[in-house]
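This document starts with one chain, in the form predicted alone, laid out as structure tokens.
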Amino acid sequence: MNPILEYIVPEYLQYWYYGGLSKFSRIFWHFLVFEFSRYIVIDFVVLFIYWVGRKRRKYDWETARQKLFNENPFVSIIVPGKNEGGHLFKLVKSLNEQTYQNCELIIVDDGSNDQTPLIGKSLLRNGMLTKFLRNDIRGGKASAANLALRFSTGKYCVHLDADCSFDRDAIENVLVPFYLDEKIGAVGGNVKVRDFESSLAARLQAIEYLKTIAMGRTVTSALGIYKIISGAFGAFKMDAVNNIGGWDIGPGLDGDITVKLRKSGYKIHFEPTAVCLTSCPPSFKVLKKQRLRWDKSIVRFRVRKHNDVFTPYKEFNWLTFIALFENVFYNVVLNFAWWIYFIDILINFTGALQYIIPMNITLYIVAGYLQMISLYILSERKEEELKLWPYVPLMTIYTGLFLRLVRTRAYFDELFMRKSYDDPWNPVKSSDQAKASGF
């Protein structure tokens, strides 16, 4: 190395320069083989293909959009939830501003003990809702969604969370893909964090949502292996949802219904232009509770309930197999493999930790900014999302330590103790019924 460069370049970078590629690969194989290849190389390849095909895609989109408005199908928007009274007026206002208006709006109050009944009935009297339904005794979100489904009359069903707001063309854009391919049974919307400036936890979640939803689901949808439609914003063919019996008891019902649709032969599509804004947990303490629930559902539904997709049978589908395998492998298997990798480094390379740790942080920061570049290219909120860029270095701690610890605990709890059935997110009677039914 040039003497001048030796003076400028940090010592830990010089260590890897002189150590050679074989040593670098031996230490950072986990990052290179699994994370850099999956989240950088594949993302940019798909992004390039996406860019190359933009003219054809624009033509197809405009043709499908015209078909949508020519038919003008009736759409049922359903909003199940508990104690969501404070969000209802803003939700209704956001929906009234949509470019697509041939809709009915059905809100289901699942045993709320706040002002939801009064607010819902008031909105109904003033003609701002089509139907307001109430479960006097809480049955859980799946129960509330299925109640709304029974009273729905639309050709398509759009499932929303009450605390969300939407870009003016969000409903239109989430419906257009149905006219791109008649085999599409459900379309997922692009969920982003609305209140990202409220706290550090919210900023880091906003970056995570951009990476895992805006970019991650664009990639998996393009590859045909998209596997979860967020309950915050998803559209379904009414016939498809009725054919599979609606929603099963959660937590994890969003991913569960998506897999049920895939197993029934429907295609699943992600639409990045259908943008939904949601509030996220404001603190790491609240976030931990949410993620423990989410991560348990991967084991409960992917590993147990839908494990038939991993074995050959009459309706076996390779894309569904790959979709769930990728989900389980990258979230569950590699999470445990990382701890083995971590122990290996501690035991065999203790003397080099002063060089390994800063290099590892550097790799993840560089990878993080490469991902943000790809997201910037796709974003409809470029100026707003640039505010998140200074926080990218903190993602090494957020995803590499905090979320990893939470996932590990959740997987152990669900694999060995089936703790998801004890989660207060569902009523006890619903969880007992799900357990008895094998859900």
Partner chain sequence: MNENFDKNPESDEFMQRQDFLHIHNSDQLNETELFDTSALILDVKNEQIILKMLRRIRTMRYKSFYLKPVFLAEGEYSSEIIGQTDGILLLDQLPNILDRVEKINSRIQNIRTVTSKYSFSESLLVKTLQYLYTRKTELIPFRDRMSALSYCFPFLSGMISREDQVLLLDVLEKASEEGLLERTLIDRVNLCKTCSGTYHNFREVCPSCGSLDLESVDLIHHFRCAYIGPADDYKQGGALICPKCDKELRHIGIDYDKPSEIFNCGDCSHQAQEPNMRAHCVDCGEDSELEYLSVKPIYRYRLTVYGEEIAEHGLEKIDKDNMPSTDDQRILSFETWQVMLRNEIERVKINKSSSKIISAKISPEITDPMDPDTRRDFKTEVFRELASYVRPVDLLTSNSPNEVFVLFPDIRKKEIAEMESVFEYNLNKMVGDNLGDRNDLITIKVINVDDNATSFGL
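Positions refer to the first chain, counted from 1. All values derive from a computational prediction rather than experimental measurement.
One more form of this protein exists, namely the form predicted together with the partner chain; it is left out here, but the text below deals with it.
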query = Is Phe132 close to the partner chain in the model of the complex, meaning a heavy atom pair under 4.5 Å apart or at it?
reply = yes
request  = Using a 4.5 Å heavy atom cut-off, state whether Lys23 contacts the partner chain in the model of the complex.
outcome  = no
query = Any of the heavy atoms of Lys121 lying within 4.5 Å of the partner chain in the model of the complex?
reply = yes
task = Look up in the model of the complex whether Glu84 has a non-hydrogen atom within 4.5 angstroms of the partner chain, and give yes or no.
result = no
message = Please identify the residue among Phe310, Tyr369, Phe74, Phe151 with any heavy atom within 4.5 Å of the partner chain in the model of the complex.
response = Phe151
task = Would you mind picking the one in Gly139, Gly231, Gly216, Pro272 that has a heavy atom within 4.5 Å of the partner chain in the model of the complex?
result = Gly139
ask   = Which one of these stretches, 248 to 256, 165 to 173, 282 to 290, 232 to 240, sits within 4.5 Å of the partner chain in the model of the complex when only heavy atoms are counted?
value = 248 to 256
